Structure formats: C-alpha cells, structure tokens
Ligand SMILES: Cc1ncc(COP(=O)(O)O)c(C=O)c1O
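For reference, the chain that follows is the form predicted on its own, supplied as structure tokens.
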Amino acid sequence: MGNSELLASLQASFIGRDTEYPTVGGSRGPRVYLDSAASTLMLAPAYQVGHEFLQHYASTHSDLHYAARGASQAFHWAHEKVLEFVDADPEVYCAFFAGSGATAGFNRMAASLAETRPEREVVLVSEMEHHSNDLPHRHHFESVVHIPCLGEFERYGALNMERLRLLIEEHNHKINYIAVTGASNVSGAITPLAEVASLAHQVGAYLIVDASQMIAHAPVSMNDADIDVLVFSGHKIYAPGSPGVVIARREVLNRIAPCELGGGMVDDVYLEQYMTTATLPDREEAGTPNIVGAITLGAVLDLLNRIGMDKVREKEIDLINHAWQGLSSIDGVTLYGPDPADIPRTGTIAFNIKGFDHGLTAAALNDYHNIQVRNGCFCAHPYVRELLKKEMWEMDIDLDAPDADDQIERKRGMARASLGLYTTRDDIDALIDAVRDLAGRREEILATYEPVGRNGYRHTKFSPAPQDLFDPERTLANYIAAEG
C-alpha cells in the first residue's frame, strides 16, 4: 500500500468518527468532530495493537517469562518510535513517558533546571502559551519574562522575533531557557523553532518546546531545529489514554537529579542509602509505566511515519485555507490570529459570531448541526485577552449589575474549530454552512437558549435522551444483563 492509499485508509479508521447524536427537530446523524486541539479521536489500528498486547499483558523490566519479555521489548519499541518520529538521534536524545499529558514534563524540566542552574534565574516564555508551558516556569523561577507577538487585537499572534532578540540581549546569560509553543492552541500560529534555538544557544540558554499542538499536524525535527527539550501529549495525536512524552538531550538529563523516586529508577537500595541508576530512560520513569498507552502511541507514530508528516501537512493546509476563506466571508464572524496567508498555521481556528457568547455558539452548533467544537479561553488566558482586547473595551455591560462577572466570562472567550487527520472538506463545508445559518438566525437562536453558569448555555426546549450520552454505569449494567 502506497503512502496516499495508507493515508486514505487511516482517515476512515478512527473510532467514534461516525457516532450518531440527535439534533433539534428530531433528526439523528453522525457528529462532525472539530475538537481535536483538546483531544483527538483514537486511531483504530493503534487501538488494535494495544488490545492485542493485553492478550500478552505483563509488567516490563524482565525477560524471564514470555509475556514480560514481550512487554519489555514493546515498551522499548515505543521509545524508539518516539525518537524516530521527531527525528531525534538516539545517541544525542532520550525519550521518556511522564504523566497523562504535557503538564508533567514541563513541571519536571522547570523544577530541575531551576535547581541545576540557579545562577540563570530568568526564563523567557511566549505570550501564546498554554498554561502547562507557562505556570510551571512561574512557580519555579524568580523572573519569567513573556515574549510578545506580532500584530494587534484579533490578528495578534506569531512570535515577535525582534522583541525576542532584544530580550535576549537584555537578560543574556541570566536566561536559563526559552519556552515556546510549536503551534498555538488558540490560533494555530507556528513558531520558527530553529531560529529561536539559534538565538537561545548564543547565550547558553536551552530551548523547551511545547509540541502538543504541532505534533499531529506538521513534521518536527529535533536534529534540524536543534531543540533541547520537546514535550507533547499522546492524546493530541490519536492515542487517547497514552502518557505524555518528553524528548531531551541526554547531556541535559544527565545534569539533573531524578524528580520522582520509586521502583525501576535505582540500581540498589539499602536501609541507609539508595543508588540511582545512570541508565536512561529508566531513571526518569519511576514506578510501573502506562505500558498499554505507550505501545498504542508508538503504533500511531509508526503509522504516521509511514505516511509522512509532509503529506499530512499538505492535506491540512488545503483545509485551513478553505475554512478561513469560508468563515471570513460570513457577515458578523470574527476570526482570530494571523491570516494563514501571512503566518503558517496548523488546523486550529478560533472565531466568534457577533451577538453570540462563545458558549452559545458552541451549544447551538452542537444542538442544531451536530458539530462539536470547544469554547472558552483554552487554558491560554493571557493570549486570549490580547486577541479580545478591542472587543472587551467595546462591551456593553453594566458593571454594577449583580451578574456582571458572569456576563464578562460569557464573553471572554471564543469558539474553536480544530482539525484532525479524519477531518474532510465536507466537514469544513458543514461548519461554514452551520455558522452562516446561526449568524442569519441570531434573534431566533438567542430566544431559545438560557445561560447556565459562566460559560454554559442550554436549549430551553430540546435536550438529548439519557441513552444518547455515554454512561459507564449503564454500559456495565448492559454487559451484566447480556452475560446473565
């Protein structure tokens, strides 16, 4: 099977892609899943690899019975697939699994590098960052300086490289590292990583990259970009339930002490002392690992490597341009972040419909059109505030009203459509048509919803039946009844 044929086959092999839900008016149909920036759907062939492993399940770090030998080899294989996927020389880099997303990896690196290089008390962090690549640095460092972006108001986005150069000149050898996103989870704006790495290394600083929003959308090369540490989440790349991943230079990891202690990361233990192993990645993976998740992720990365991420990127660029052009042509719709014609972007498009709170947009897209998007500030509050600054100034809200704070929160955010490998041109057309429909029926839609809390909205005359929503208790009851 050629690359193009494999890509087409995989696009149709995602679990849950065709799950049906009801809509206002009584119809049912498959959902249009456009919430991939939050978490992607599961790639079925990779799921099957994990399921097959469970037939042979055992813990790793032994080869004296068959199942343990297979588990150990498969876990090692998953590490190899991670390094291969990001073009990381295994002699230079080490991959390890940590936590259930990117957060654990950033906390690990921030705490350790603050302790190891205390004389370098400054960290530069871009204003586009997800909280997981911002708050850990604030917690562990005396000074965190945020790098501004280009543009203003709704077009704010893309790292301001000239300001970065000036900040590096100002703080120079006090900089411990620079932390940037590979691609924004709000606007999809892509960061020129090789250029940032070159600037960082001129003053002896490291480059730490959050690749969570880039990893499933564009080629990533640790070697070419000269990245020191790269972190991503398996659940952002078609392996829900898999662990977070850290790829770091071995020389960096060898300078820092282990953060988590337990089984598997020691060579020997006495009552009086213990000896930490020098073997990587064992030293970074205390305790029994998420073996099934790691193997599932390894399978995803192997399949995507067979396709070639350049082909994945090429497919997505066409969809991004189509979505941007279609949505921007609708009166009353505001798109956020730089135009894809000016700055490369991944398939993440944040927008608002005039007169709609972001929660109302998400609810109505779901209820009327079976389109699932995210809404809010996407754990990137400072960046979203900049994008919404002009609109927030112009808000017509009585600040003395008892629910003023709730009103502000309902407006402080956006709807976000985000693409995945399974997204088709038909999905984008459905989104464009749905947004146009809502924008054209503003008064009717507003009259049929009521606010719930600070971000929610509920249709006043429609709600799904209980059996339309997943319920683990009901699933177990059905299994017990069937077995009985």
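Start at 1 and count along the sequence shown; that's the residue number. This is a predicted model, so every value here is computed, not measured.
The form predicted together with the ligand is left out here; the points below concern that form.
Only one segment in the set 298-306, 321-329, 180-188, 136-144 has any non-hydrogen atom within 4.5 angstroms of the ligand in the predicted complex, and it is 180-188.
Only one of 294, 102, 222, 208 comes within 4.5 Å of the ligand in the predicted complex through a heavy atom, and that residue is 102. Exactly one listed residue, out of 126, 370, 132, 352, brings a non-hydrogen atom to within 4.5 Å of the ligand in the predicted complex: 132.
Shown alone here, residue 235 lies within 4.5 Å of the ligand in the predicted complex, counting heavy atoms only. Residue contact check for residue 435: none of its heavy atoms lie within 4.5 Å of the ligand in the predicted complex. Although the partner is absent here, residue 37 is a contact residue: one of its heavy atoms lies within 4.5 angstroms of the ligand in the predicted complex. For residue 213, a non-hydrogen atom is located within 4.5 Å of the ligand in the predicted complex, even though that partner is not displayed.
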